[in-house]
Structures are given as C-alpha cells and as structure tokens.
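The chain below stands alone and is given as structure tokens, in the form predicted alone.
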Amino acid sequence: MSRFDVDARILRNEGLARNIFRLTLSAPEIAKNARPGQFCMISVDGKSRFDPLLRRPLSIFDARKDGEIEFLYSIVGRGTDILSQKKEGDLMGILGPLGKGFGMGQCEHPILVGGGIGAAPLHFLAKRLKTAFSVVIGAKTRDELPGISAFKSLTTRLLIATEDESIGCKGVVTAPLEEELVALTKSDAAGYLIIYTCGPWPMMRAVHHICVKYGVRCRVSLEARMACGIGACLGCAVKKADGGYLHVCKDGPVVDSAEIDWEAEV
C-alpha cells in the first residue's frame, strides 16, 4: 500500500478537554489512501527541525474526501506538549498511512470497544462500516471521552461506562460489553460477532479474555513506542502467544487478539 512523506499544513489544532486535542491537517494523498486502523508518524519539531528527533505515532481519527485528516492526542510528554502549541497554518512533516488496519468483513456484526482516547481509531472504523454495529466505550471520567458526540451520530447503540459515573454507568467498559455479548449471542447475530478494540493494555487484555469466554473473534489495535513506523528499527516489539515477537508498526497495529501473549510485560 502507498505511503507518503509530506509537509502538511495545520488547519486546526483544537483543545477538546483537559490535555486532549484534535489535530486537523491538509494531506490529500494520505487522506485518500488511509484505511481504518492505520496510523501516521508526525513530526513535532520544537526549536529546530530535529528537536525532538523522533516523530510521534498517532492513530487516524478521520480521513475525508476533501483531503483533511484528523488525529486525537493527549499531552503525555515533551513531544505532544510541543504539538499542542502548533498553530493554524504551520507546516509539519507527516509519514503515512502506515500499518495494517481492521480489515472489515461484509457479513460481520461488529462491536467496537474503546478505552479513553484510545478509542480514536474506532471512530474512523465506525464511519466506514456498512452494517449495524454497537459501540462500548469507557474511561475514568467524562473528560477522557472527547469523541463521544461523534460516535452518537454514527450508531444507535452506544454504551458508556466511567469509573466516576460522570457519564453512563459506573464501572469499567467490560461490564456493559459482557451485557451486550450475552444479548447478542442469543440472537441471529451470534455467528457473525466480532470485537474491534483499542485502548490501554489491561483493558484490551480483559476484552480478549471475555471474547475467549464467549467464543467471539477479537481484533485489537495495539499501541507502542516507535522510532520509525516502517519496521526498520524493530523497537515496537510485542510478545506473541506462540513464542517470538511481532512488531506493531509492520505486523499491526491491528492483529487478532489470540496472537498476543497478554501476560507479558509491556
């Protein structure tokens, strides 16, 4: 699949909640070729072109026919702090689209399960699905779910859980997920169920175990620190269930959850 290394102009860099931003770039070649689940490597140059040296991997939140591509990100360190200060009209280097996406099937009944800002790639997936689907999303508090309004416009079945009960039910995302699976495994959709999930490692591990319990397929979008994004540095290694390693940028980021050694340290 084609990938492009371009200087893209910032159209918007909006604060959505505390330390959470939505970045919109004009990058027609990347937007046209992007698929749900893929990511881009973003340059966050500070005082010089090589400060910081490494680009940051960001999952694609949306890609549109008008050439705009969007990303959600949170400030977690110096690089993303610099990124949050970028202004409309600034140019920034972007490499993408990269990695393997969700690979949607036409006869599936999907359930999208997201944790906090990790749900970002699921929004792009939701926009491309051509069948009925459910969305189950959770976080510690409402402020960590800036994409909720976007999901509301895309599905008639949205279940939300927050640990402080600021929105939705109180608890973690696995509780409403199990309720949804119990109902759907008794319906005509039972043989077509598939989970697409992205979020913190402990959450995805729990989702994987629930899928094993109910005999449901599960595809996870992995997150990892990366230096190159194209499989050259081999830094984004994750242990496989059958031994060895896979590399998130090249073998993923979307993989079957059964391939992963979920008990390994990350």
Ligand SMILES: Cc1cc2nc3c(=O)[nH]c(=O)nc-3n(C[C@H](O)[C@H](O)[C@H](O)COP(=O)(O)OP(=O)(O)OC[C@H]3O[C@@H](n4cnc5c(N)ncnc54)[C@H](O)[C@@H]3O)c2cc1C
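Here the structure is a predicted model, which is why all the values come from computation and not from measurement. Numbering starts at 1 and runs along the sequence shown.
The next section is about a form of this same protein that is not shown, the form predicted together with this ligand.
Among heavy atoms of Gly77, some come within 4.5 Å of this ligand in the predicted bound form.
In the predicted bound form, this ligand sits beyond 4.5 Å of every heavy atom of Ile210. At the 4.5 Å threshold, heavy atoms of Arg35 stay clear of this ligand in the predicted bound form, well away from it. This ligand is not shown here, and in the predicted bound form it never comes within 4.5 Å of any heavy atom of Ala241.
From the list 66-74, 199-207, 212-220, 27-35, the contact stretch for this ligand in the predicted bound form under a 4.5 Å heavy atom rule is 66-74. For the candidate spot formed by Arg56, Ser59 and Ile117, every residue has a non-hydrogen atom within 4.5 angstroms of this ligand in the predicted bound form. Shown here without this ligand, the chain has Leu222, Glu223, Ala224, Arg225, Met226 in 206-241 lying with a heavy atom within 4.5 Å of that partner in the predicted bound form.
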